[in-house]
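First comes one chain, alone, set out as structure tokens in the form predicted alone.
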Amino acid sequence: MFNLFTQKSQTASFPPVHLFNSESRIDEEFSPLSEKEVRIYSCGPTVYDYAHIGNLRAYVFADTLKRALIYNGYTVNHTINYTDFGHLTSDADSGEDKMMKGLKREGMDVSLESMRLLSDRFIAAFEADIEALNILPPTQFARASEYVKEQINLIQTLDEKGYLYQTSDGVYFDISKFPTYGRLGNIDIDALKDGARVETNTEKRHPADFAVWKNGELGWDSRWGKGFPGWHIECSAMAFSTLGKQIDIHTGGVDNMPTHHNGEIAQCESATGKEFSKYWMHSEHIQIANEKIAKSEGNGLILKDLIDKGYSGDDYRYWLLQSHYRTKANFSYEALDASKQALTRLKRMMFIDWKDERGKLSTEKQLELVEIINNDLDTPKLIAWMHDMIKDESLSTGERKELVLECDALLGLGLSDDPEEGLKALGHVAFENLPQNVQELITQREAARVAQNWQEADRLRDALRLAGYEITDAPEGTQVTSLEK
């Protein structure tokens, strides 16, 4: 694949990167904690099932952020975690552990060994998804079950500092000891208490207190008994272990913000006395028919569903990037069809029309695209700018091609793939590689077109489609695509 970051020229000065900080709720100029590297932690999937297409938006967004920072010259140290235990079905520390729910669904025995097998399966599926979506792999994946010692040590630190209390079902963080709890998303803690349901755990001092340890027959031994660390403490311990006590950016979906991320802030800052993450960034939900995508709603489409229908990961990524990461987007196959058609045209332009074009990168135009992406990752505007630039005849074809490559370094749409491999992925088939009967149909259709016998040409197009091939008439000649790619 095209080496996206060798294209960046060291222009005298790129405009500063501005990012929307979910904590301050304003756009802020990005300034890293260290000149050495930018440290990013992204909340990863709970690997009890496939990630649905709504889940995947958070990782395309984090990838766009990382691409933009690298393009601007930063070195990025990035962690994505895997939650393979301890995530309960309710953020209120109630319900069933999702991994155990997955074991029961699959008819597997409830054991740590089975949890490992189940999570292996869905970790492999997730990594196949992010590869299909052109998501750059993180510096490290962190698996929660491999950091249990670190989680227990962090709980002990919080306990020794007086932030925890024990109940019959576990150990809880006392949010009254952390006065700024709920500052992310401006959560009204008093309203939470007033609205608490009767069935809320009566041993909790406040409804928003959260578990750092849950007792259970399955799990690990600790001084609080057998059980497992809470979901929030997992991420805190893995972030500390892989990135350090302070990080630059923490990303996730908006659903992580109220409980999970506020819990992380409280734990981390109580343990260290320092600000945990300088910036918090969150992607919005994807909806279907204006309803949130969720497995519980029965609309949990996964990427494989789209691929089985003939779409690619690039097609879905292009559709995602046409909406800003902080806006809700409503998924439909009609919209995905339009994205597929637009991206296919772009790829054919790059892999066929402009394959041999060469040109110098316009630094003036490069600054324009950098200004766009550095404005809180404005991918919809960058895509529109790219299409306008492609039509700009004041630039040579080679110059336009170079700018498309620069855009692709930021957008990750596969436009910079090897042309031969890219065409193969599109299903493009060279004439000489077609079956003899298909070659004859194409030759007959071309004769009909020359004779302006459009009825016969259309009949032959339909015959080719039945044979499994789509015909596109282009200035440089007839292009053939296999419908069974």
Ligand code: AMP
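Residue numbers run from 1 along the displayed sequence. As the structure is a computational prediction, the values presented were derived from the model and not from experiment.
Not on display, but discussed next: the form predicted together with the named molecule.
In terms of contact with the named molecule in the predicted bound form, the residue from 151, 256, 277, 267 that brings a heavy atom within 4.5 Å is 256.
Only one of 347, 98, 324, 214 comes within 4.5 Å of the named molecule in the predicted bound form through a heavy atom, and that residue is 98.
Stretch 248-256 is the contacting one of 267-275, 360-368, 248-256, 169-177, since its residues have non-hydrogen atoms within 4.5 Å of the named molecule in the predicted bound form. In the predicted bound form, the named molecule lies within 4.5 Å of some heavy atom of residue 46.
The closest heavy atom approach of residue 62 to the named molecule in the predicted bound form falls outside 4.5 Å. Using a 4.5 Å cutoff between non-hydrogen atoms, residue 284 counts as a contact of the named molecule in the predicted bound form. At least one heavy atom of residue 52 is located within 4.5 Å of the named molecule in the predicted bound form.
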